[in-house]
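Here's a solo chain for you in structure tokens, the form predicted on its own.
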Amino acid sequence: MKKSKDILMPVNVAGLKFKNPFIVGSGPTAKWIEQLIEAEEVGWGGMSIKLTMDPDPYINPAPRYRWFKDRNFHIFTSEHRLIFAEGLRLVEKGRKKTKDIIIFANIAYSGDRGLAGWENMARKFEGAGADAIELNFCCPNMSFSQEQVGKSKKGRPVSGASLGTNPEIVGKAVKSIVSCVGIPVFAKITPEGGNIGDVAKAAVSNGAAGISSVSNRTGTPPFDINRVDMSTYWLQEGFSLGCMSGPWLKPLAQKDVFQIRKAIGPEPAIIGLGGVQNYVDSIEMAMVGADLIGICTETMLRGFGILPKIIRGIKEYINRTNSKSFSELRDRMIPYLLSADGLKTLPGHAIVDRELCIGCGKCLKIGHCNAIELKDKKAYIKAEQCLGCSTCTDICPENAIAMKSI
């Protein structure tokens, strides 16, 4: 599959020139040279390679995934990460076999050398041809998930979210690595600690060119209440907390990007990841603060060929709204995301279109409402008792109820 000029939508971010703002997020579709080559052929602006760890991960099984399409989420616990030598080979080969795709080396050190171990990885990946370093402070969640279930042990290597919730640790690591490489350094951070803005600020204050938001959350896998011993996954025994991603995550991911942008200001770059499927999701991510858009789960399910359609949609939107570029869309939503004390509720009540109402009675069952009754087999709203909450408008199967301001 050869790329066309249709995928061109150039952006300059952190001193790097991307043919478009889309990168393949670090994950299962970014671990083979064939994937890197195909991503460039289709037209992706960049790829963050599969997480590379040093020393070798102490938990590194074959992958076991589940996609629950009825719930719009993907989940895994068992996953194979790249060892140091594998990641270096991927970048070296990728740089030789590709022309203009931007390659991020996604790295994590969890040995006893401390910052020296991180620095060693960063320098070697720079030498291998990486365009940027992405310090992974969000996954794997091996040590973090063990902490969550009370299994962490002293002396065992910590990684991922176990580090990424601590602004001081992230800041020190970023400062150390920025000082030893000449390419941009991004910090990929976790929302698990509830302080993603503080961690992001610590990273950029210590020299990070940008922040990568995270595209998963830790959660409990679905299970059968009648067979709680039966694993969620095929070809795997047992359960553990898993990394959840997919469309359900988008509102949380956008909140992360918004909080990061508010914390770090307008200059540092943000890669927005989480729940992006189409051009609308991409525009939304930009409007809450993202410069680049990372996509992982959707490439797993649909392949790299999703990109041209996404870019066509964005270009059509830009033309339709008389915008100048994708970059111009950034931050448009931020002024409208107010704190709760800045909101103003307007007086009004629900009204029923009697021609559309079929008298199904669903609106009568709303537990917090006593303003609705049936009259002549049609819903009737007692305006003086209506709370104006609008729940009835959302559950009406016939769209027969609307809100009226007064």
Ligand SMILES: Cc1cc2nc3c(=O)[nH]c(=O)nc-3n(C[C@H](O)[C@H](O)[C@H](O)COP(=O)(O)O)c2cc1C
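Computed from a predicted model, the values in this text were never measured in an experiment. Position 1 is the first residue in the sequence shown; the rest follow in order.
Below, we refer to the form predicted together with the ligand, which is not included among the displayed structures.
Though the partner is left out of this view, A208 does not reach within 4.5 Å of the ligand in the model of the complex, counting heavy atoms only. The ligand in the model of the complex comes within 4.5 Å of a heavy atom belonging to E79.
Although the partner is absent here, R261 is not a contact residue: none of its heavy atoms lies within 4.5 angstroms of the ligand in the model of the complex. For P28, a non-hydrogen atom is located within 4.5 Å of the ligand in the model of the complex, even though that partner is not displayed. Residue in contact with the ligand in the model of the complex (any heavy atom within 4.5 Å), chosen from V204, L163, C296, A128: C296. Just one of P191, G289, G94, G275 comes within 4.5 Å of the ligand in the model of the complex, counting any heavy atom, and that one is G275.
Only one of 215-223, 111-119, 173-181, 85-93 lies within 4.5 Å of the ligand in the model of the complex by heavy atoms, and it is 215-223. In sequence order, S245, G246, L249 are the residues of 231-264 having a heavy atom within 4.5 Å of the ligand in the model of the complex; the partner itself is omitted from this view.
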